[in-house]
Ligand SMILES: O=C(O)C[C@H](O)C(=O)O
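Quick setup: one chain, the form predicted on its own, written in structure tokens, and binding and motion questions come after.
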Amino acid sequence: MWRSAARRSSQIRRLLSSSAPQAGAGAAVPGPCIVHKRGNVILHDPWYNKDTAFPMTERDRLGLRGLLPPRVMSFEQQYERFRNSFRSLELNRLHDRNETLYYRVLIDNIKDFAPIIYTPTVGLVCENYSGLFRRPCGMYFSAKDKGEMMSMIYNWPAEKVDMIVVTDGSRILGLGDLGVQGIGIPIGKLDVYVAAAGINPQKVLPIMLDVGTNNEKLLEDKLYLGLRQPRLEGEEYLAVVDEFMEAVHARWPKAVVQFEDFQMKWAFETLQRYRNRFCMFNDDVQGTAGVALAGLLGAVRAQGRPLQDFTNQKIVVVGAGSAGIGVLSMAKQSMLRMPGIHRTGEGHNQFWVLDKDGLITKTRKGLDPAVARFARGYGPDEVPDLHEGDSLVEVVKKVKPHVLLGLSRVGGIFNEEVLKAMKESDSPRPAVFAMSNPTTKAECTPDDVFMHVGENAIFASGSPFSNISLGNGKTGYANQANNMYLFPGIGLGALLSGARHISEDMLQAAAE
């Protein structure tokens, strides 16, 4: 027994020798360890697995390229990470031990576990991912893999993949640029696909496109697992995404690819670039838009009005990023499709859009074309005395909107003054949607809404909140307007129908 333990100890020293520096010039150099395994088999073998300590040469020889984060870490660095994570808040996931039981529990208890595998907990996991890293999950394609992706894609062991969720980590929830640590989002989204849409967990693939990070805190973090370089821009960036998409399509031509948490400029650029070539969609632009439209249509019904009256709803939108413009575009398209509408084309504008600089009007210089469509102008349909850059409170007081929609990623921006102004809405049941995630980024809470707007208010949020007791046996409902109510159905529908493309009409139908 002692000899067996001694042999194991010696074997472990040999396995670590290629990544750990030798102590002193006179130290004996052990011989190489011959490994007959490859790929994921090595990563799941505790005797041979070195995790992020595998150098790039070994990753290439052993079929590990793409199966680990790009950063190569020494044994000492791994040891330090373990000591730090041991003291950190860590999800002790059943997933690491028994996937069959994990998914059974998840499917049977999705309401209870969704806040853990998804928002808001997934945001905390992403912020601390490098310190929490235990074993690889998914694939990593980095800027350093240019020219290698077509071969790397075959390192993934599954013969068939139905659903892929990919991020570049540039805009994780409302937390901003988290670089390679954003891999937690694709992992969580695919868990929802399994639990809510019944997708085979062996046929899903979370992917991180590591093109660098502009987050200085991460670049200075010695435990950060991603590339230590600024984000690629322009054609260099698109070349990486192009190569990735071609590689995925070559191996799994029928897979549905969901783009997730890309910053606004790349969200729209990649959507237009790939939507007609591949079966893909962008969840931030189209998924958020679909679920928001569903909520807006539901609010019309809750206000006791016919659905056609949606065309007359006055909607103030705070946030002009990818999610906000996606919602506006789909809502406008839905309005123009309503039967009996007399106003057509770009002239029909029931939206007042604000960004960090206030109300957006046609006098604003340098407007993105996607935003310019919704800028306020001049004419009989305009509200008097509203000007470029007006504050949210001023806009709400003068417009008296039926709906206040938050996609700002600024926690608490719907403050007491704003909500009291919403109480003067032209609707008997004003709707307030605080859709930013995670919970800390929500524009307001249901407590705030029912206190300041009144018990007739309609509330919905991106992250889960508890219902509110209003007294006298009445309840203020904290509805959840989150993409998870839409994207699993979009992916499943595309797979079952064998769709080659995901069209706007599909998303409209899903929302309705």
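Quantities reported herein were computed from a predicted structural model and do not represent experimental measurements. Position 1 is the first residue in the sequence shown; the rest follow in order.
Only in words, not in the display: the form predicted together with the ligand, which the text now covers.
- When the ligand is superposed onto this form from its pose in the predicted bound form, none of its atoms comes within 2.4 Å of a backbone or C-beta atom, and the site is therefore classed as open.
- Contact annotation: the ligand lies within 4.5 Å of heavy atoms from the stretch 254-262 in the predicted bound form, the single such stretch among 232-240, 157-165, 193-201, 254-262.
- For the candidate set 140, 244, 118, 274, a heavy atom within 4.5 Å of the ligand in the predicted bound form is found for exactly one residue, namely 118.
- Checked against the ligand in the predicted bound form, the candidates 431, 126, 173, 331 yield a single residue with a heavy atom inside 4.5 Å, and that residue is 173.
- Put simply, residue 52 is far from the ligand in the predicted bound form: not one heavy atom of it is within 4.5 Å.
- A residue is said to contact a partner when one of its heavy atoms sits within 4.5 Å of a partner heavy atom; residue 437 meets this definition for the ligand in the predicted bound form.
- Interface membership of residue 283, defined by any non-hydrogen atom within 4.5 Å of the ligand in the predicted bound form, is confirmed.
- In the predicted bound form, at least one heavy atom of residue 189 sits within 4.5 Å of the ligand.
- No residues of 422-436 lie near the ligand in the predicted bound form, the criterion being any heavy atom within 4.5 Å.
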